[in-house]
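First, one chain by itself in structure tokens, the form predicted on its own.
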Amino acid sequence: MSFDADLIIVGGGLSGLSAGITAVKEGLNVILLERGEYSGAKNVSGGRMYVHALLKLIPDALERAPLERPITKETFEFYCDNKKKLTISFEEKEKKNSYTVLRAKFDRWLASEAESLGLLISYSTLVLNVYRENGGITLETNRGVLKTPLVIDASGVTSIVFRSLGLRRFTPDKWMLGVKEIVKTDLNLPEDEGEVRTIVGLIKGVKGGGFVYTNKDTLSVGMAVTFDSLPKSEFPAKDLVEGFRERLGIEGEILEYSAHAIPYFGYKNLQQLYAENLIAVGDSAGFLINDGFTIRGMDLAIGSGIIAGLAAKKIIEMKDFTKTNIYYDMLKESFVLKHLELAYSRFELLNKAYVLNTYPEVLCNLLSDMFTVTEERKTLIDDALLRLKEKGISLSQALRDILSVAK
């Protein structure tokens, strides 16, 4: 059977482009299929990128890439009720570890970098069907049929290639809905400073939280909540981000609205990452970390894409397309799976229904008691035990939860 390319990549987001750049540098003949009119047209994220993986892919990216602002301030806001709010902030000037990005700009730039290296990108190309044939994979698209011995599925959480081959199962508790607006506003910040606000409890009923990221002259305002909690939300899904923004009092021209499904598996619940002739990367692999301190997907997408490109070279050289476990073996040695595993205990804790609702409320009430002086005064430990008991949480359970955060 003759093939159209050594490797076909489905999806022109961060993971697909990173895989393509790496594979082309390794001398492979690669075609990338992107359903949007350009890379970034269909890609959505909250907008914060930890840049360590990007710098491995493109060492001078900080000088050339269209990044928005470095994040120098982290703020966590917990709304206990409509009268109480707990805010924690940490600031570190001149930090260059993560940046806000606008994907429509950034992905388009990264695609141009890939094309300059020789990656062939077919835009406005939708994969309609996928099947195995004569030792390879055939992809039927709206622009014709392509055949290849190896596919990298970078098509996002819907995993079109894996799903077409019957290798994916989806349940609502393993997906999140991400909704975001880009708001034009005046920012009273120096150019080399930026802030991330992580907000919990402002919208009742949902499991998840919201964010506000500072770009150069706009704000990224949005929420990420589990699909299975949406029926309990104060707002229907279509009004979720608007209600969130209005409660925060953020005003300005809405330049962009987007919504996107986000993987929410966690390390121990990851689905199949490879099969004969096939590798999954980025969102398609379920690579997302939410450990209560950071929400990460973009560095995992780039990192897994780089590894997939390197693995593709080895698999093609061996001419044995059943050996895609090479990719998994390389992942295990990388930060991608190591960081996912490290984050799992906190990910598991956040999945408990009471954690994001009960503990902030207990802490708010405890602080309120501390700052309220009356004739009767409890010790801090007695007050804490009383507040926990009111919520049906034992001291031993609270200690176990605290220890899981420290893991």
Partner chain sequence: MIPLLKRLGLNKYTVDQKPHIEVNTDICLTCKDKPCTVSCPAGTYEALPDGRIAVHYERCLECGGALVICPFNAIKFRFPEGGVSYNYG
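Residue numbers count along the first chain shown, from 1. On a predicted model such as this, the values are computed, not experimentally measured, just so you know.
Not pictured, yet referred to below: the form predicted together with the partner chain.
Exactly one of the stretches 96 to 104, 112 to 120, 70 to 78, 325 to 333 approaches the partner chain in the predicted bound form with heavy atoms within 4.5 Å, and it is 96 to 104. Only one of V145, M318, I254, I250 lies close to the partner chain in the predicted bound form, with a heavy atom inside 4.5 Å, and it is I254. Residue in contact with the partner chain in the predicted bound form (any heavy atom within 4.5 Å), chosen from L230, L202, V130, L167: L230.
Contact check for T171: a heavy atom falls within 4.5 Å of the partner chain in the predicted bound form. Contact annotation for Y344: none of its heavy atoms lies within 4.5 Å of the partner chain in the predicted bound form. In the predicted bound form, the partner chain sits beyond 4.5 Å of every heavy atom of N269. In the predicted bound form, at least one heavy atom of D239 sits within 4.5 Å of a heavy atom of the partner chain. Shown without its partner, the chain has W175, L177, V179, K180, E181, I182 in segment 174 to 207 as residues with a non-hydrogen atom within 4.5 angstroms of the partner chain in the predicted bound form.
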